[in-house]
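Okay, here we've got a single chain as structure tokens, the form predicted on its own, with questions on binding and movement later.
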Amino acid sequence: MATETPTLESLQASLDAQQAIFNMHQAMNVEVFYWWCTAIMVMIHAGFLAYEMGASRSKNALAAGVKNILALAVIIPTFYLFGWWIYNAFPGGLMPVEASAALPWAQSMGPDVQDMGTGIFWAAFALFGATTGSIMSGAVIERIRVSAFLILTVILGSGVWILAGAWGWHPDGWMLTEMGYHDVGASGVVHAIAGFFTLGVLINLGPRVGKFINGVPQQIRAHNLPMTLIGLMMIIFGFFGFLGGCIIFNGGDTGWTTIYNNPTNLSAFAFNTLMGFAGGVIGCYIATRDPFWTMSGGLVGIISVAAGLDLYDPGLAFIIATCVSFIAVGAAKLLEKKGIDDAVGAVAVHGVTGVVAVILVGVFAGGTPNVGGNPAISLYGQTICAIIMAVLGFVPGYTVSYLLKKFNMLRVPENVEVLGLDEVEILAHPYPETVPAKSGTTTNVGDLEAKGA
């Protein structure tokens, strides 16, 4: 039986078919990578939930946890409705450009077998937004109204942070194209924004009852410190999904790039994430000997090097993380002296560390070229952009919380705070073996049942 001799046309058709299959599988690999990054980021929210429930007193534990669940739930749909559009519409500043494809009724904003990128990137960015909104949550525990918190977290997680992302992460973002901004791991666009937004809220919210006596700060102890430490470690785990979502998985021969299209790889991220974590834990342990701050040091360390994950030598990352830990601890103590009651140190851990991290890229990587004709990294550009991030976070946080305060919507009444938010805001008990008696003592449920209560 004679075989047909292949022609040039048939060989080209076969090659084209194989190339199409390869391209399809590459697109599927991109989807799979960001799918699992998004899934791992959910662990950040489990960690925040455990962390803040443990850091609260038992009478407020469920309120702290429910806030975190609701933050995730309200940011996802609002980010779908307008957050993704903000990212695509405002890279040049405060004047929008055409971005109709990012509106919720656009074809790309739903199932489309021809589009294997929009949905998965939207999901990753939505989880970035939820993380940003949740950063504020721990700082305001035990006295904020759940409704006020949800208003603030939507503004932060679906509005303010993604505007910062449009300016500092978008390929056409003006911070990149005019200032050479470099922040691959979101030290500025997520952490500095969230930290300084939180500072604005805390100024209007005020301290917890009993936190300051005659101006002297008092220690309000966590009711379950082991839960808090476990929650912090879960957040660290989730950060590997977060940072994975900050790298671009390209098809073809391009390979990994940063969000700015500079070549990089996951190995660089692995070296510096782990060295930053270790340096932060060690630095905060030396600075405080406190278990809570020691574990929080892991966050400080990672955030302190996140902006330059692709550029630092691992030894330098360790040194930066260790040193910035002392800055974060000092900033938290200074804020407390100024009468700011940040229950978990979020302003220092995220805000101050994020700003310092952005500036340090200019210190240690100044002169590093960007691609696409964008300006090189510079200390001047990084410093100006860090200040912009702090202001962009602080102004809306202060303004919106001030308006809520004026309408008596920000904080629970003092008698509710003393009784506990779980009793009024949640109507449930975290530990059902006991219930608070009217006298303020604790009564065992079994004793009440024996008395016919």
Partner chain sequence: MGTSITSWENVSAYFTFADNPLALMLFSLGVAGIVVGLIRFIMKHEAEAFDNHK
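Positions refer to the first chain, counted from 1. It should be emphasised that the depicted structure is a prediction, and the values quoted were computed from it without experimental measurement.
Quick note: we don't show the form predicted in complex with the partner chain, though the next part is all about it.
Colleague: If you check in the predicted bound form, is residue 264 within 4.5 Å of the partner chain, heavy atoms only?
Modeller: No.
Colleague: Verify the contact flag for residue 172: yes if a non-hydrogen atom of it lies within 4.5 Å of a non-hydrogen atom of the partner chain in the predicted bound form, no if not.
Modeller: Although the partner chain is absent here, residue 172 would stay clear of it in the predicted bound form, with no heavy atoms inside 4.5 Å.
Colleague: Report whether the minimum heavy atom distance between residue 365 and the partner chain in the predicted bound form is within 4.5 Å.
Modeller: Result no; residue 365 lies far from the partner chain in the predicted bound form.
Colleague: For residue 211, is any heavy atom within 4.5 Å of the partner chain in the predicted bound form, or not?
Modeller: No, no contact at 4.5 Å.
Colleague: Quick check on this chain: which one of 384, 37, 412, 43 has a heavy atom within 4.5 Å of the partner chain in the predicted bound form?
Modeller: Selected option: 412.
Colleague: Counting any non-hydrogen atom inside 4.5 Å, which residue from 215, 111, 369, 315 sits next to the partner chain in the predicted bound form?
Modeller: The residue in contact is 111.
Colleague: Given that the partner is absent here, state which listed stretch (388 to 396, 43 to 51, 421 to 429, 27 to 35) has heavy atoms within 4.5 Å of the partner chain in the predicted bound form.
Modeller: Careful reading of the contacts points to 421 to 429.
Colleague: Within 4.5 Å of the partner chain in the predicted bound form, counting any non-hydrogen atom, which residues from 129 to 145 show up?
Modeller: Sequence-ordered list has one entry, 145.
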